[in-house]
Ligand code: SAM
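As a starting point, one isolated chain is supplied in structure tokens, in the form predicted alone.
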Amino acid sequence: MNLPQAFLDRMRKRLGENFPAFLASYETPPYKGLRVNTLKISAEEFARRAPFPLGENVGGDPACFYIGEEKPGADPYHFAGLYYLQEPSAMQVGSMAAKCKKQRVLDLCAAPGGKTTHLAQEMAGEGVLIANEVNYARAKILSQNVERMGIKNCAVISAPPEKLAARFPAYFDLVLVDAPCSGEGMFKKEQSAIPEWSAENVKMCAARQRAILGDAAGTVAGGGHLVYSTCTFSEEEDEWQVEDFLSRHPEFSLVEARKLYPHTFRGEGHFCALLQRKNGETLPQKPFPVQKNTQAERAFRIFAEDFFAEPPAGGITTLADGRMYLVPAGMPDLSGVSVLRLGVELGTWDGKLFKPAHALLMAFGERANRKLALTREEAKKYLRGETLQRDCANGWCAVCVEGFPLGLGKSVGGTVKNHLPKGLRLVKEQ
């Protein structure tokens, strides 16, 4: 691997006698990891059903595994949201955050969603999770992953950190800043990151991280926690960044810090630090202003009482374009920021009829009365967008593989029309 000489010189100076072991780690393939989505299946049950071999647990977490599978993203279980593919050392950030109170949580730099979905699992449906990504295109990917994993208590938004600092002062119990960085821990996994590295870029990233951390600090409630992480080894972006933050914010103290190198941990490398704000005020926020539409809600209830054995319950908001969302209890007012996803998208109401959304099925599909059971081979056909010929009752159905919902179908006279969103389909056999 053709690593930048300036990078190697920096690492040799930093690691000393441990540098040869660090350099030798680049001669091995990158580690791959899988985190079981415990919102949908237990780690033990997944291990029994796993469609490919699982390795050892990562960091002792029973839901996190090393894997060697070449194409785990093409398996129907992945589309069903039973697992998230995540670099093993990055999993340690969620494990660190799991130690904190998590009723009001903000993931400030959340795309593509690995740490957001990990936080959601640890929250187990309780409290409110706000996942933010300033890049709108990346926020869409984040929203898709939140949807696939069936997360019910999350809002996905897109706003600059400084706007959220002004919007949510002293509000969150836990704020995660997985900061944009120089990506030194990504060199094996994404070799395209190598030519982008430079000492100047490290300095630029450090300056940006300093600003983001300053904004994040103001959103943490008294007694709350801030988790800071990067996938780089640079001291400017890691240890020195934390030291600088503490010098500027004496109301915080360092609880724990971990530096994971690829020669000391079976992963590509990560840094994470847990900080706590001293006791102080917690400022309230106005509740989310639910927009009531009696006719739309009646149409949804008619559908839900027929489709589900136990219809979803909670506050429903109906937007002007007819989209309907199940709003998580405790969700704050999000006016003034761009909202991509609010809790669970139920579907759309066109003024007469209700049409269910894919997100509704991914969040509550296990409750469906009408399930169309597919084999794994049939599931791949469905995931490619094919129409199915099956003898089942007319109407909407939950299309499932081995009992786990993949998406919606609508049966008419033995033909099941495919309602899996085109953007989520398996375009070709991977």
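Note that this is a predicted model, so its numbers are computed, not measured. Numbers follow the displayed sequence, beginning with 1.
Keep in mind the form predicted together with the named molecule is missing from the figure; the text below concerns it.
Looking at E268, E147, E133, D238 here, can you tell me which has any non-hydrogen atom within 4.5 angstroms of the named molecule in the predicted complex? Residue within 4.5 Å of the partner: E133.
So which of V344, V105, L164, A179 reaches within 4.5 angstroms of the named molecule in the predicted complex, heavy atom to heavy atom? Exactly one listed residue reaches within 4.5 Å, namely A179.
Checking a candidate spot here: are C109, P112 and R208 all in contact with the named molecule in the predicted complex (at least one heavy atom each within 4.5 Å)? Checked in the predicted complex: all three residues contact the named molecule.
Please check if R301 has a heavy atom lying within 4.5 Å of any heavy atom of the named molecule in the predicted complex. The answer is no: R301 has no heavy atom within 4.5 Å of the named molecule.
I212 near the named molecule in the predicted complex, any heavy atom under 4.5 Å? Yes, I212 lies within 4.5 Å of the named molecule in the predicted complex.
With the partner left out of view, is R138 within 4.5 angstroms of the named molecule in the predicted complex by any non-hydrogen atom? Judged by the heavy-atom cut-off of 4.5 Å, R138 is in contact with the named molecule in the predicted complex.
Choose from 114 to 122, 276 to 284, 147 to 155, 246 to 254 the stretch whose residues reach within 4.5 Å of the named molecule in the predicted complex, heavy atoms counted. Only one stretch qualifies here: 114 to 122.
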